Ligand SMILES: Nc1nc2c(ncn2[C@@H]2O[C@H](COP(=O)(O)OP(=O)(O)OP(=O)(O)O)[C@@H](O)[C@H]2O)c(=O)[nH]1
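This document starts with one chain, in the form predicted on its own, laid out as structure tokens.
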Amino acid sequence: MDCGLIGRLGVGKTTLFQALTAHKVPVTPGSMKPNMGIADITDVRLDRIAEFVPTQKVIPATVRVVDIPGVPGGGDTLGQVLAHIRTVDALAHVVRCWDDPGLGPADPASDIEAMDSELLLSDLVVVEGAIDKASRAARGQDVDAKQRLAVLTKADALLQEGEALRSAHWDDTEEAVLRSYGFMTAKPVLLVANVSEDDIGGRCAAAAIVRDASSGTSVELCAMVESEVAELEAADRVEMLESMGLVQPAIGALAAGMNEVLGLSTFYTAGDKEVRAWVIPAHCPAPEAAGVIHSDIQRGFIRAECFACDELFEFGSEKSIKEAGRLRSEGKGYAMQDGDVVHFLFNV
């Protein structure tokens, strides 16, 4: 999955990108080319599981992060930026929530509206051209073109009303059509309120506006602090977080927010060689989840032996979970639950 960081110029996207990628990716400030890197998904549950299961390695799930150049006021540059946005799977819209001498007072409502408008207008241009092409193809016996035309007509009606495509219900076939055109307003969006170092908790009025503008999920963080924390060694990181009254970096909350808007969940495998997190679609069938680890496990799937990570924290060991009768044996029809710790049995 590719997550694109978007926002107006100067909102702190690149600083957040550096925090997410632990400063491992060289960046070029002011470049019109996106910065790309792999970010570990901070996960408190993963670290706790490793406390109960002695292991050699702890491997977090990852996400590919794309720091897309800031959206300018218009012109050819805007087209380049929008083209980058069209290629990612999900968007984290970073919104400035502090006053800046050069940029002026924070105006999150205006920034969110401007971004939404740019994406919607761009989708309108695409859908109008696509409808024209699909209409011509549908005059014959092209069944696919007729299906495409129906989806595009529905999309056009929404966009004409100023509604993002994600606001409507689409079945799997319709979603596939939307993805093929890269419609930006169909992509899941997480609003990120980037606050000042003096407002780590996001108590300012600007952050409240971002929360209210979200569809239920938003994150408040200070990209500057997160970037500084990411540069530190583990022990120093804990000390810095404690000095600010924080338990963990806000990057973990950002990852959880992205999972929520994308409809994803996390399961874990735990053994003496490694404790590892895996991200899957929510309620994914057990064999498909096994396939995320290896296709052979999916092909030869027999059953999944699992328990909730909270049960591990409660009982202290898998042995105690078994003795309490809480270890479950699930078959092919089992829908994976967020937080499952799983051992897949298979035969190929």
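Quick caveat, the model's predicted, so the values are computed rather than measured. Counting begins at 1, following the sequence as shown.
This protein has a second form, the form predicted in complex with the ligand, left out of what is shown; the following refers to that one.
Against the ligand in the predicted complex, the set 13, 70 and 98 is in full contact: each member has a heavy atom within 4.5 Å. Though the ligand is absent from this view, in the predicted complex it lies within 4.5 Å of a heavy atom of just one residue from 224, 230, 90, 241, which is 224. Taking the partner from the other structure, the ligand in the predicted complex has no heavy atom within 4.5 Å of any heavy atom of residue 192. Looking at residue 236, you'd find every heavy atom of it more than 4.5 angstroms from the ligand in the predicted complex. Under a 4.5 angstroms non-hydrogen atom cutoff, the ligand in the predicted complex lacks residue 163 among its neighbouring residues. The ligand is not drawn, but in the predicted complex it has a heavy atom within 4.5 Å of residue 9. Figure note: of the listed segments 195 to 203, 136 to 144, 150 to 158, 175 to 183, the one touching the ligand in the predicted complex, with heavy atoms no more than 4.5 Å away, is 195 to 203.
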